[in-house]
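Shown here is one chain on its own, the form predicted on its own, set out as structure tokens.
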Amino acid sequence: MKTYTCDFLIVGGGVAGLMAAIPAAKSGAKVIIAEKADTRRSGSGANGNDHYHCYIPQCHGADPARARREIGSSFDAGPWTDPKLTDVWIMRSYEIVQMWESIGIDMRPTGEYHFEGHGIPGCQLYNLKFDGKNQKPALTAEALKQGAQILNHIVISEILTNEEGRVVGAIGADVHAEEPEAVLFQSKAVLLATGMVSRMYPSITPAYMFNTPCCPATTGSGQAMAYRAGARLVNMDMLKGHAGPKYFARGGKGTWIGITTDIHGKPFTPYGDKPSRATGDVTADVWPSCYYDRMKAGQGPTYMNCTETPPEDLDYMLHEAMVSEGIDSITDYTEQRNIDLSKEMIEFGTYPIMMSQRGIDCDEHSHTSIPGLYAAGNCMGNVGGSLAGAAAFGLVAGEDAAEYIKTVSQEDVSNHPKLKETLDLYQMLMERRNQPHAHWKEALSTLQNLMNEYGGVELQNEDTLKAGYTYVQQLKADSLNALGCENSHELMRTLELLDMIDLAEPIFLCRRNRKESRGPHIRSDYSFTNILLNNKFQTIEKDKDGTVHMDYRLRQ
């Protein structure tokens, strides 16, 4: 077992994790980033981004009140975010734009700050169009320049806390070689920046793990570790999905310059009747399940219609915008199949539930309910902003942690009680390769079917949710009794699976506890919306003896 000592351990090297490392390391803190893949190409921004939701005074006016109001009511903030956290990423967004320009990310590919896409008619445009295909290498280089240490191919599976409940380290496995090696971290503060939950529900092509709109390696590990350690989670009952080309799971619906129509080319929403490069088509942002809903209602299929898009805008969309966002596989596909978008419409579909921005409850300083434990990015459960939110709260976490570590001392974790328990789990899973054992794919397939049928977007009731919860508990017991791993890769996938199974518990419990119908949560036995729960978020946490506590708190 390898042992590392640091001031600030960052779990996850996506945009949020790298942004946290930069100010913390610059302040002189000893920072380690533990990344499951490679920080140069990891997370949901691995291939790039092309929209950055931001407020720039010289573009939007010196008074931020309008930006706060319009962004705060948009799909990128919305009802399941805390306004005071939304204000944080809005007000720090321009600072980050300037920082990214200084490290070589092109935020002005047209020569000036240019806003387009994801636009709501009648509002200012806030999505800065930038070229983010090199964002991960640039952020990695800057984190290293400031003195952060990056450990790639490290899977963290448990957070360590002391008797007072303060975080003191973490344990994981080095999976870069065929044989895994345990890794122990002793740290004054820990940031969870592990992304969304992308594989708990079945994909549109179940046999192909990487046909997903976002990173398939983001499996809710941060949320699961936080929950096991006693941190408070929020909004776990509010499911969330995505949309894009049907059966070809690539994000970037705001990058398409077209209009959402029926098979006859007729728009069915009031957001526009002609393609607009400036605003894009906000239909799928406002109503992401429209494709699924229309098919279910017998009104589909539904298309992205670019047949009236000007040729110069089509060329720009395919060969510049999609390249910047890292979805040029769509361009490759249209060229390989000789698809002429000026003549042919592309059917769009609703993608599976991903649980993005559902998870750890944080304050405006990125603090969780556990002292010394921070969260940033899509594993936060009460903030939106997508890329902008991840970047801002990564920055906030790094700045705050740099000060926090001055107030606490290192604590020896070499004999931590969680250490033996975790090592025993690793050992048990690896030793079973010498005997008949189950494979992680079998258990994952079972979990996805259970979540889809008993905990998905279809109409639910108490009996369905209770049965689903029972089945998941049985699956957990069976998995621990039967799963085995042949190598490091299988150990990593198995640990991801166990995290997703643990996260199924708060999802089912919160959905059972929400005795109403609201948003994506629809129940046949409680078909009304309880106005007493308006403007409230549901929380869930475990105490030291494993007792689960659920409550509602006001939106802040």
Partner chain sequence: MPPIIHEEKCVKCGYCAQICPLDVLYLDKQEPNPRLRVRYPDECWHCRACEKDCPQGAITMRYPLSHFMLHYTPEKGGENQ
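Positions refer to the first chain, counted from 1. All values derive from a computational prediction rather than experimental measurement.
Keep in mind the form predicted in complex with the partner chain is missing from the figure; the text below concerns it.
- Message: Give me the residue from 213, 384, 254, 132 that has a heavy atom within 4.5 Å of the partner chain in the predicted complex.
- Response: The residue from 213, 384, 254, 132 that makes the contact is 213.
- Exactly one of 227, 440, 185, 454 has a non-hydrogen atom within 4.5 Å of the partner chain in the predicted complex; which residue is it? None of the others qualify; the residue that does is 440.
- Message: Quick check on residue 372: any heavy atom within 4.5 Å of the partner chain in the predicted complex?
- Response: No, residue 372 sits far enough from the partner chain in the predicted complex that none of its heavy atoms falls within 4.5 Å.
- Does the partner chain get within 4.5 angstroms of any non-hydrogen atom of residue 27 in the predicted complex? No, no contact at 4.5 Å.
- Would residue 328 count as touching the partner chain in the predicted complex under a 4.5 Å heavy atom rule? Within the cut-off, so yes.
- Message: Please determine whether residue 513 contacts the partner chain in the predicted complex, using a 4.5 Å cut-off between heavy atoms.
- Response: Residue 513 lies outside the contact set for the partner chain.
- Task: Determine which one of 58-66, 525-533, 504-512, 491-499 lies within 4.5 Å of the partner chain in the predicted complex, judging by heavy atom distances; exactly one does.
- Result: Heavy-atom contact with the partner occurs in 491-499.
- Query: Can you name the residues of 262-277 that have a non-hydrogen atom within 4.5 angstroms of the partner chain in the predicted complex?
  - Reply: If the 4.5 Å heavy-atom criterion is applied to the partner chain in the predicted complex, 262-277 yields 263, 264, 265.
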